[in-house]
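Given as structure tokens, the chain that follows is alone and in the form predicted alone.
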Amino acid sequence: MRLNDIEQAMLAGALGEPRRWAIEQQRRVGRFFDAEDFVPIAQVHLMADAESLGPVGVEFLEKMAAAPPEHRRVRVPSITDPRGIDFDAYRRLGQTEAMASLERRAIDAFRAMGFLMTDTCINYQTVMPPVLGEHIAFGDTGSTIYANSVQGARSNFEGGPSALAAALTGRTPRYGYHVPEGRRATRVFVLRDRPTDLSGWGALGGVIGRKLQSYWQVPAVMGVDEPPSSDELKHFGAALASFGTVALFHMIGVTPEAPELPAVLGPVVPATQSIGADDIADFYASYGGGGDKLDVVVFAAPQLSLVEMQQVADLLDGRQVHPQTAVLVVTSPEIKSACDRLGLTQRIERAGAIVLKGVCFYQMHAREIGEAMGWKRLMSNSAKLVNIIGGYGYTPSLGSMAACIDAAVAGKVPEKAW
């Protein structure tokens, strides 16, 4: 890889050991992906919860944080993905003091390096949305695909070490979605029937994602006659990234790089595939469980926007969650503060639900929580969450937000949840 003078100084250790480690880490990634050089970035979004880090990872961060300030401070605005602990609620969920202690250590290290502890996966809705053509280094899959697709920014999926390195160097290897040829559509899908709610958009993302085979595939979606809302695109992209591992989609006439199909095609025109209501219904049916006792309903992955929080509050007004069912409603710290101010938190919790801030369920020791609380059957309106959570010992069901609330009140999964 070609290195400029600053990058060579970093590699030589002239700017401190943390930056020497970072540029060497990035150079290895760049060589693996045949990057010719680095591209400067505008911001970093780091996914590194304490459960993923473990004790060894936290010790590594603490070693970085012990370097002199001029060597350890991030070079660009750097923010964090959800953490694993809500310190106001973790005991209620059966999380241990050891989990909380490890999380505190990680947070202290990140703060010493200059990270802004935003603790959110909806940073594009709450903190600093990237703009068209801006090069960034994002870690969370839902955040990355939204930034790439809806906002037209440029990012690969950056693992924790890569995002940390990007924060310390202010650059990332130039490959994949940072280069024009990596952003061309490779599959085309025509939507026959528009989804009617957030879980339907997530199901659509899951249907398309299951048809993709590679991180490098880029789907283009035609037939969307009216622009979806930010929350609808959020659920679609999060599910598409989860099921398909892809970091970019084009929605013709909606997303900024795709005013028409030819604008996103390369020299080879891909085949077109149709998707309709029957495909979405089949996807829902693959997450059944009708009639089963319901242990927990989780609204998370991605965290809820202020509008979604109001929708949950409206659906719970005048109702009470069944005593055998828990309801977790997860949002960002910024949105939680707004909900406190607007009375939404009180309305949600008056019905027996728990509002959590700054976390995401599958990143907060979900298996251990399930074992401690005796939870097995889980329901959510997030297609991304139901795709992930089976790996943590849960049996998931997918339903609309309204169906999830009805199920929480009844204490069992409905026969049809959409």
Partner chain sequence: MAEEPAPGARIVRGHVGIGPRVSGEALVAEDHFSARYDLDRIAGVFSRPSHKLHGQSYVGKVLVLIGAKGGVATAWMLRNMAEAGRAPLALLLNTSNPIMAQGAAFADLAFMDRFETDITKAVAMGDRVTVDPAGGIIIIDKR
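Positions refer to the first chain, counted from 1. Here the structure is a predicted model, which is why all the values come from computation and not from measurement.
Heads up, the form predicted in complex with the partner chain isn't pictured, but that's what we're talking about next.
- At a distance of at most 4.5 angstroms from the partner chain in the predicted complex, none of the three residues T126, T325 and T345 contributes a non-hydrogen atom.
- Listed residues A48, A351, I369, A65 were compared with the partner chain in the predicted complex; A48 is the one with a heavy atom within 4.5 Å.
- Interface residue among Q95, Q311, S162, T118, judged by heavy atoms within 4.5 Å of the partner chain in the predicted complex: S162.
- Residue heavy atoms within 4.5 Å of the partner chain in the predicted complex occur in exactly one stretch of 260-268, 242-250, 193-201, 333-341, and that stretch is 242-250.
- Within 4.5 Å of any heavy atom of the partner chain in the predicted complex lies no heavy atom of G374.
- The partner chain is not shown here, and in the predicted complex it never comes within 4.5 Å of any heavy atom of E70.
- Heavy atoms of E36 never reach within 4.5 Å of the partner chain in the predicted complex, leaving it off the interface.
- By the criterion of a heavy atom within 4.5 Å, F87 is excluded from the residues contacting the partner chain in the predicted complex.
- Contacts between 366-405 and the partner chain, taken as any heavy atom within 4.5 Å in the predicted complex, involve R367, N387, I388, G390, G391, Y392.
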